[in-house]
Every structure is written in structure tokens, then in C-alpha cells.
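Before any questions on how it binds or moves, here is one chain, the form predicted on its own, in C-alpha cells.
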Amino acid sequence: MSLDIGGKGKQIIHAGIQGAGCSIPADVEGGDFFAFIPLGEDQLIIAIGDVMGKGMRAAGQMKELCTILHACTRKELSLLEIINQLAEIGGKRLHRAGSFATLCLISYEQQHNCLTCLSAGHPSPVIFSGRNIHVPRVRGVALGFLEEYQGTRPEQVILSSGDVVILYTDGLLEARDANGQNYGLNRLKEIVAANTCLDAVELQEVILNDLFTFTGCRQQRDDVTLVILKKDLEKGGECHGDQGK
């Protein structure tokens, strides 16, 4: 099931995965986007991206990319085929407009507990499994620079019960406090590692509260988008994060 929250947030529970996402625009509308796309009962596609700039122009280009993405997922294409079509169709439109977009694309298949990811110029997801942290080594050229996708092959990760996956746009890490210091990846990792026992929605709230405390709720220069995925605990399973000590 999925639930929209105010148009800028969404929660989903599908294929054994909890998902929570939120996008905070720096302007009235922003160019960041994320999507949860269920495919049958066993698969979930997750996307997060960042169109160059902000405001109405970036928002319009973002909506075009989302439309193309949803159309691609209805064709039962592989993750690599989806990102190739996004590069070919959406990338050409972005290029003509003098723009570009970064994108991280993930597929999760419940039958094999397998997460597959690709990146087109976007930060890789961060995966928390017990006390271990793994960042898939997926790289690629942002959409809009080339006529087809160019990047590493998809990387696959087997998720265990209770694992947490974090996706974000650079606006989150580059959010600044009163002294001009960035929030940064290390702080994000620390707050997640200390709270992996929470469900996806609770963890999202903890991260955003920490972000707002850090920035003093100051207006930021870039959109901020955060997506949390958590593999459901198996029946009778235990949480082994810091809060589970």
C-alpha cells in the first residue's frame, strides 16, 4: 500500500520493503524527485534524481522525466534498459534545454532479497546492514550529456532482515548551518547507524529533525530530498542496530 503526504512525501510498504521519502524544495517548486513504483507483488522500483537548477523550469523537466520513467516501467524492461531509455528520450530533451539531471535507480526483488542499483551521476545509496556500511560502486554520466547511458554495470546486493538503505540528493549533504558548515555524509551516516532499529518513517523523521537542528531551519540554497528503505524484520527477528544493544 502507499500513502501520499502533502504532495512532497510518500510512504509505501511493498514486496517486504518499507519506504519513506520526502522532498523539500528551496523554491516554490523544485527539481528534485523520487518515486516508488510497484511492479507486481514481488518487485519495487525506486528512483531519486536531481534536475539542474530549481524553480518552475526545473520542476517541469523533473515531471517530464517522471512521466518517461513510469512509461518505461510498464514495459517490463531491465534496470539497464530503463536507464538507457531515460538517457535516450529524457536526456535528449534535457540537452536541448541546456540542462541535465542526475539519477539513481534501484530495483528490489523480494523472491531473492536482491537489490540492484545503477547511477547516472547521482550519489550512490548507502546500505546499513547490522554494524556494516556498504556504498555500492555505481557510477555514470548524468542524463543530458550523452545520447545514451554511459556508466558502470548494475551492482547487486542481497538485503538481510532489518537492513536500511539511504538515498539522498546533494542538497541534503550541502545544507549549511549558521557558520557555513555543511551537514555532510559523515553526520548522516552517524545518525542512521544510531537509529537503524526504527521503521522507515520514524528514521526519516529523526534524520530531518537532526537536519533542521543543524541548519536552524534556515532557508537552503538547494532542494533537499531523502528516501529511506528498510527490509522488514522477519517474524521473531531482532534488531541489531545501536538501539538494539
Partner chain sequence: MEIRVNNEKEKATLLVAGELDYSNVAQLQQEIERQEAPLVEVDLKDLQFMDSSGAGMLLSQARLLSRQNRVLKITHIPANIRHDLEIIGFFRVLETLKGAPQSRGE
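Here the structure is a predicted model, which means the values were calculated and not measured. Positions refer to the first chain, counted from 1.
Omitted here: the form predicted in complex with the partner chain. The next part is about that form.
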**Report entry** Contact of Phe100 with the partner chain in the model of the complex (heavy atom, 4.5 Å)
**Finding:** yes
Query raised in the report: Taking heavy atoms only, is Val141 within 4.5 angstroms of the partner chain in the model of the complex?
Result: yes
Query raised in the report: Would Gly162 count as a contact of the partner chain in the model of the complex, using a 4.5 angstroms cut-off between non-hydrogen atoms?
Result: no
Report task. Verify the contact flag for Gly53: yes if a non-hydrogen atom of it lies within 4.5 Å of a non-hydrogen atom of the partner chain in the model of the complex, no if not. Result -> yes
Query raised in the report: Within 4.5 Å of the partner chain in the model of the complex: all of Lys92, Pro123 and Leu146, by heavy atom?
Result: yes
**Report entry** Option from 45 to 53, 197 to 205, 211 to 219, 59 to 67 whose residues, in the model of the complex, bring a heavy atom within 4.5 Å of the partner chain
**Finding:** 45 to 53
Query raised in the report: Among Glu174, Glu109, Glu155, Glu81, which has at least one heavy atom within 4.5 Å of the partner chain in the model of the complex?
Result: Glu174
